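We begin with a single chain expressed as structure tokens, specifically the form predicted alone.
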């Protein structure tokens, strides 16, 4: 069906999947200004990820007609004058409505300089090879979200290490090591901290590529190792452990090693907490688990609650904080912990109550307490 789309849309949301085969849960659009030209920024949300793209101003009507007709049942579009609503009924009939918009919506200007801890224009050579920067040192448009995430990660680290002069760090599940290289640059070049970073990942080709960059740029303070977090040989001299989207129980193994080493700082962004999601019994929690997305989020919160409380029990001052905006990444919680050697016995009591109440196994708990 051909849908009449209004002129000069400022923002919009498409929701309610048309069929189970559609992998997208939601789509948002917003008008932005980039290099003095207007574009629409598209954000497509799945259960676990968000994908971004920019399309030309002139292409938005065709784009919305296509994605709405094929993927969604509801759509709401805003201009500065009106709000337009579209709904496809269960019988396939399109219902439309419009009402006055009483709020002025500003167009986002992406030409404004971002207030990053590492501002645009700072040249970090490996990021050219990694596809984040151009050879002129400008951030590649498709990498803005990544650069924003890593800057936020470094801001959180910077807030905790005010008096440090020397650090030994492990990046568990380093992947292509955007974070590793940026953090090393920030600590050594900006903060003038003596720093050694070990990056660990399972993928041999990734490790080889990163080690090639180390040699290319003579970064003697970084080395990359192929290996599994679960079987990592603990080094008691590590000061900080970082993980960015270590999947499922990989986060638990990273936290386990940190606790065993009495590592001073932990900065961990968990991802894909499947373990508890697969164990929850629907007969006990039917109201929370009958909807897949709610079950997933409930499981993630339960997983990270147990992790945070275990860290408190072992003497860590612990926070669970928002890492970036949800639109930037749905996996947007960060566990920040600093070892202060003050155990919280009540935290372990609460962990045991959670595990017993929900009749679940939790990898970090079992790793630590099966030995006692």
Ligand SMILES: C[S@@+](CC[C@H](N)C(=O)[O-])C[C@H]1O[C@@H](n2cnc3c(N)ncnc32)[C@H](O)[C@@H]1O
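Because the structure is a prediction, the values reported are computed rather than measured. Numbering follows the first chain given and starts at 1.
Separately, the form predicted together with the named molecule exists; it is not shown, and the next lines address it.
- Listed residues 294, 128, 140, 202 were compared with the named molecule in the model of the complex; 202 is the one with a heavy atom within 4.5 Å.
- Note on the partner interface in the model of the complex: the residue among 155, 235, 194, 228 having a heavy atom within 4.5 angstroms of the named molecule is 228.
- Judged by heavy atoms within 4.5 Å of the named molecule in the model of the complex, the contact stretch among the candidates 170-178, 259-267, 73-81, 91-99 is 170-178.
- For the three residues 244, 247 and 250, a heavy atom within 4.5 Å of the named molecule turns up in the model of the complex in every case.
- For residue 148, no non-hydrogen atom is located within 4.5 Å of the named molecule in the model of the complex, even though that partner is not displayed.
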